[in-house]
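Given as structure tokens, the chain that follows is alone and in the form predicted alone.
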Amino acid sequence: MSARIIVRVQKESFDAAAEAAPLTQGRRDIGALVTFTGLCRDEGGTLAALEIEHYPGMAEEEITRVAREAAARWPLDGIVAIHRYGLIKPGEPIVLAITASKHRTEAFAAASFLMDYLKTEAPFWKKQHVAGQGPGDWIEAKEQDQAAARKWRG
């Protein structure tokens, strides 16, 4: 059975429980559902907001490609990947990754794989808005996030 894959890039926030429901509704064979929600941190009070931009169509296509890669690596029943764009304030959700499988090991591994990709390689541009100073520079993925992503590549 192939995994059900749902990918969206959207400006609006999301409800993780509502997004997970379609993966398990009517299913009695799923034993593990891993849900990860990434939130915007205030970085010790210095960050007013993150501005996230994307190229519509390309971002969804790339995330779908990696979700399919996750489904090929692990026996998954479903994947939900949602990434927001626009101005996101501290405390608000940025990204959601949900994986469903018969067993937890595969669900956790696939969710981690998907999040490492979304943090480092997904085609998004991020700009920090510093509190009291307005927009700053565009930022890149941190080295620790890059290192986490490299472990899946070889």
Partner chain sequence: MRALYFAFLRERIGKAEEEIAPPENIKTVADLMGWLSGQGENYAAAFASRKTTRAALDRTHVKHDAVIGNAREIAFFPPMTGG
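Computed from a prediction, not measured in an experiment: that's the story for all the values here. Residue numbers count along the first chain shown, from 1. Think of the rigid core as the biggest set of C-alphas that the two forms share within 1.5 Å after superposition.
The discussion below concerns the form predicted in complex with the partner chain, not included here.
**Student:** Is there a heavy atom of E140 lying 4.5 Å or less from a heavy atom of the partner chain in the predicted bound form?
**Tutor:** E140 belongs to the contact set for the partner chain.
**Student:** Is it the case that G44, even though its partner is missing from this view, gets within 4.5 Å of the partner chain in the predicted bound form, heavy atoms only?
**Tutor:** Judged by the heavy-atom cut-off of 4.5 Å, G44 is well away from the partner chain in the predicted bound form.
**Student:** According to a 4.5 angstroms non-hydrogen atom cut-off, is E61 in contact with the partner chain in the predicted bound form?
**Tutor:** Result yes; E61 sits at the interface with the partner chain in the predicted bound form.
**Student:** Give a yes or no for T35: in the predicted bound form, does one of its heavy atoms lie within 4.5 Å of a heavy atom belonging to the partner chain?
**Tutor:** T35: no contact with the partner chain in the predicted bound form.
**Student:** Considering non-hydrogen atoms and a 4.5 Å limit, which listed residue (K89, K126, R27, R104) is close to the partner chain in the predicted bound form?
**Tutor:** So the residue touching the partner chain in the predicted bound form, by this definition, is K126.
**Student:** Taking Y55, M115 and E121 together, does each of them reach the partner chain in the predicted bound form with some heavy atom inside 4.5 Å?
**Tutor:** Every residue of the spot touches the partner chain in the predicted bound form.
**Student:** Go through 76-99 residue by residue and record those having a heavy atom within 4.5 Å of the partner chain in the predicted bound form; state none if no residue qualifies.
**Tutor:** Going through 76-99 in order - heavy atoms within 4.5 Å of the partner chain in the predicted bound form - the hits are H83, I94, V95.
**Student:** Using the rigid core as the reference frame, would you say A16 shifts its C-alpha by 2 Å or more between the shown form and the other one?
**Tutor:** Where the cores coincide, A16 shows only a C-alpha shift between the shown form and the other one that is less than 2 Å.
**Student:** With both forms fitted on the core, check whether the Cα of Q144 differs by 2 Å or more between the shown form and the other one.
**Tutor:** Yes; that C-alpha moves by at least 2 Å between the shown form and the other one.
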